[in-house]
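Only one chain is included here, represented as structure tokens and corresponding to the form predicted alone.
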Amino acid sequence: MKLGKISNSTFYVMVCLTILSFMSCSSDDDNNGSSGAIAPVAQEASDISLTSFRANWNNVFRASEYVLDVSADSGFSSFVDGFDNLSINQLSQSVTGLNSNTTYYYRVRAVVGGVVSGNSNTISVETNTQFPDDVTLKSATENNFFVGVAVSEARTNISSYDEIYTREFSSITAENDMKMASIFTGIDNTGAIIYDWSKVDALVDYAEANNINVHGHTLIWHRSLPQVLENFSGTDQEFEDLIEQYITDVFTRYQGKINSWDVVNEAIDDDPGVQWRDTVFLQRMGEDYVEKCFAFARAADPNVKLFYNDYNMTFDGTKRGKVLAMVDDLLASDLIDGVGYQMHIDYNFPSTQQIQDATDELVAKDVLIHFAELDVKVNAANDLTELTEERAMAQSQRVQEVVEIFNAIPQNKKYAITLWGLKDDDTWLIPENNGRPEWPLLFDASFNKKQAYQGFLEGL
């Protein structure tokens, strides 16, 4: 049959009908939903860190939202908690709470007119294993807050300790060398105090030589009492006069060199029904002995920042309430500048929310905040004979959480985070717990950085 000549307009209509027919008959592929909604194109991740990254993708015309999946499995048989079918109304999403040195995968879908497209291409991303070598704890916190470490005078003379102390830390605290029993060595026959200043002098000189802050720890603590005061036979007033003289002499000697002190340590009783721990200071000086000691310190040097320091503050709300009531009384008399929350915690206790809530209560006070004595136990249940990768990662995550909470404190209330020791085999916890293995610090026994070190940096 011979076809007649067709017009240009008729030809154009025929071509359009053919194209539309082809489009309606073609099958969907993996990148399109049944409605023909176009899938996004996933793009390379950005802002990759130890425990997070940012997933990115392109815009899809008229998409009202996007749906993101993140998995450690390329087949997406399981998902990262919180990132299974996550609805997002932007073109990127921060993915947090991940493990370091781990490969993750993400894909995304577009929602157009209430219909979800097929999956995008899959992007793989590996979280970092460490920060650059030139990033240190000190450089990362510079002009933000002090990062401190508990030291001994003897270890400052050991090169392997000295190298890390000076590289990583902007503040030092004497673990034992500045406690009363180390300085107050006796009373002579005239009634004057006999002092041994040698270790404190050496630590102050070391700090000055290396431009490091010194936080004094601690003037009054019931577990560091000279024998001569334990068995003091004089009157209560004579006992109190010795305490005032001691505080005055310490502050006078180190005026302008030690600019903050834990004046009283652990004075509040753990018993919910008791306010004051039963100590020789309570017995000899009365229930207002804490206020007296702070008053002695303030009179000795009005420029020194005065702190109260105690433990279990992150989870024991009753004890914390007693401490904060005492702080209110001291604030009313302008006798206190800061509070130390001792951070002797476990990798899984207390909860992050408990630490946050306790911190919020302290932020509400007009005081500097010190996360003091930080170590993170990983073997409280005595279920490890060596530090496992899983437990090391859990410890790192806990350190990160603590640092994140501290870093979010208003700038004018941040004082310091102080690690209670440099490396695992130096920790006080091993002898305290009859030799039970423990690995609570940021460096291992060979002075190597642990995952917990990276967790600290990540928390910033």
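From 1 onward, residues are counted along the sequence shown. All values reported here derive from a predicted model rather than from experimental measurement.
Omitted from view is the form predicted in complex with a small molecule, to which the following refers.
In the predicted complex, none of the heavy atoms of E291 sits within 4.5 Å of a heavy atom of the small molecule. At a distance threshold of 4.5 angstroms between non-hydrogen atoms, S170 is out of contact with the small molecule in the predicted complex. Although the partner is absent here, R253 is not a contact residue: none of its heavy atoms lies within 4.5 angstroms of the small molecule in the predicted complex. Proximity of W420 to the small molecule in the predicted complex: non-hydrogen atoms within 4.5 Å are present. The stretch from 319-327, 232-240, 294-302, 264-272 that comes within 4.5 Å of the small molecule in the predicted complex, counting heavy atoms only, is 264-272. Contact with the small molecule in the predicted complex, judged by any heavy atom within 4.5 Å, is made by just one of Q354, Q93, N119, N176: N176.
A heavy atom within 4.5 Å of the small molecule in the predicted complex is found for one listed residue only; from Y105, F83, W221, Y206, this is W221.
Not one of H215, S260 and D337 places a heavy atom within 4.5 Å of the small molecule in the predicted complex.
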